[in-house]
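As a starting point, one isolated chain is supplied in structure tokens, in the form predicted alone.
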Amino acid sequence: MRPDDALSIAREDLPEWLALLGTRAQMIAPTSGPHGDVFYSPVSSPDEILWEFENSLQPPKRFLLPQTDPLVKIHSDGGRFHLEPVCDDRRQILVNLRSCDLKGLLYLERVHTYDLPDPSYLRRSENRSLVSLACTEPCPPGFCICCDAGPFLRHGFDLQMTMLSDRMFVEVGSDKGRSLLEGAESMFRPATPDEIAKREALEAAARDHFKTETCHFGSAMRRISTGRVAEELWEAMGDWCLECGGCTLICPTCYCFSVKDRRVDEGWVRCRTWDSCQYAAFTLEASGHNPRPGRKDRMKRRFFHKVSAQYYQRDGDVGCVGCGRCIKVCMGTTNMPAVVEAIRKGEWHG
């Protein structure tokens, strides 16, 4: 990092700085729910923000890709239909994102940019700032290190914060990030060599947490991209999928959707809604034909999209950030590490 990109702020000054940011944009941050669950939610006060927490089960992607996303209003006038785009121009600052979730948002931005750019998503993306909180203690099910998605990031963030003892180490990663410091310059000072050394030591310790265990994406990518995964293996793994859709709905990088028209007043609103490639009806055609009728076929497609070299070249990354959420929610053990290991070894034990 460049010396002018490494700053430091006293922990006691954080509320004042964050309160200032809250006057400029809607602030989204991890908060504690009624029963202690962690949720990323809009906050009105810095006191609501969590600083020590296990990552939320629901990723913050819903603030840039809502579960039900209005795209266009439709109304009829004397037999003629009129379309009016729905625009969300709110400014948002997402604070205390975990590294994996920030990497997931960058992935979604890329896939909504190439080929046919998605103006609805990109408008939100342009109006958002991303402030991450580095994971000095990686979460138990996480394997972000296998996806280059943590526990610390080297780029992609607007600001990245690391907790030291009585201060917060702040790295500036973009012009957007630097603009978040405007009006609060007196609270920040250049990081000292000792603070930089402490930050590097915390990253080294966090990376060491993973030891030699990895998800072996490279080996699985070679096998799945060259057609060296036996159909019998897909069949065996497919038998363990309950088609609940949990893995796709909590995944930071999944973006499969359906389109629905919702009746509103005298017209309609066309909405994009989350869907899952693991549902039997996802690829069901109007003719009644389904190109992926079996769970084996749907699982094969899902992991080809996530892991294959073809999609790695197109999307710039594997379609996984190692957050470990699929491990938590899958009732049939067909989570990412289990399936990647089965592909690599050529055998499935359920």
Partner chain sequence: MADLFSPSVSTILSERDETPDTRTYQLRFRDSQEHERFVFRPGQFLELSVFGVGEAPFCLASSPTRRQFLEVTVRRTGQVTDALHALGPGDEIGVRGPCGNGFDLAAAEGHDLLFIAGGIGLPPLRGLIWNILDERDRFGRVTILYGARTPTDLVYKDELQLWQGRDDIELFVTVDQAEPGWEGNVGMVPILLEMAELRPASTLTYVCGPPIMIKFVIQDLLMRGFAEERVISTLERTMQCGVGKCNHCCIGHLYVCRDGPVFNYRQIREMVE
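Only a predicted model underlies this, so the values are computations on that prediction, with no experimental measurement involved. Numbering follows the first chain given and starts at 1.
There is another form of the same protein, the form predicted in complex with the partner chain; it is not shown, and what comes next is about it.
Within this chain, residue 203 is remote from the site of the partner chain in the model of the complex, having no heavy atom within 4.5 Å. Taking non-hydrogen atoms only, residue 255 approaches the partner chain to within 4.5 angstroms in the model of the complex. Mapping the unseen interface onto this chain, residue 51 falls outside it, with no heavy atom inside 4.5 Å of the partner chain in the model of the complex.
Although the partner is absent from this view, residue 111 contacts the partner chain in the model of the complex, with a non-hydrogen atom inside 4.5 angstroms. Partner contacts here mean any heavy atom within 4.5 Å of the partner chain in the model of the complex, and among 166-174, 71-79, 192-200, 152-160 they occur only in 71-79. This chain lacks the partner; the member of 126, 261, 137, 148 within 4.5 angstroms of the partner chain in the model of the complex by a non-hydrogen atom is 261. Residues of 110-128 placing a heavy atom within 4.5 Å of the partner chain in the model of the complex, in sequence order: 111, 112, 114, 115, 116, 117, 118, 119, 123.
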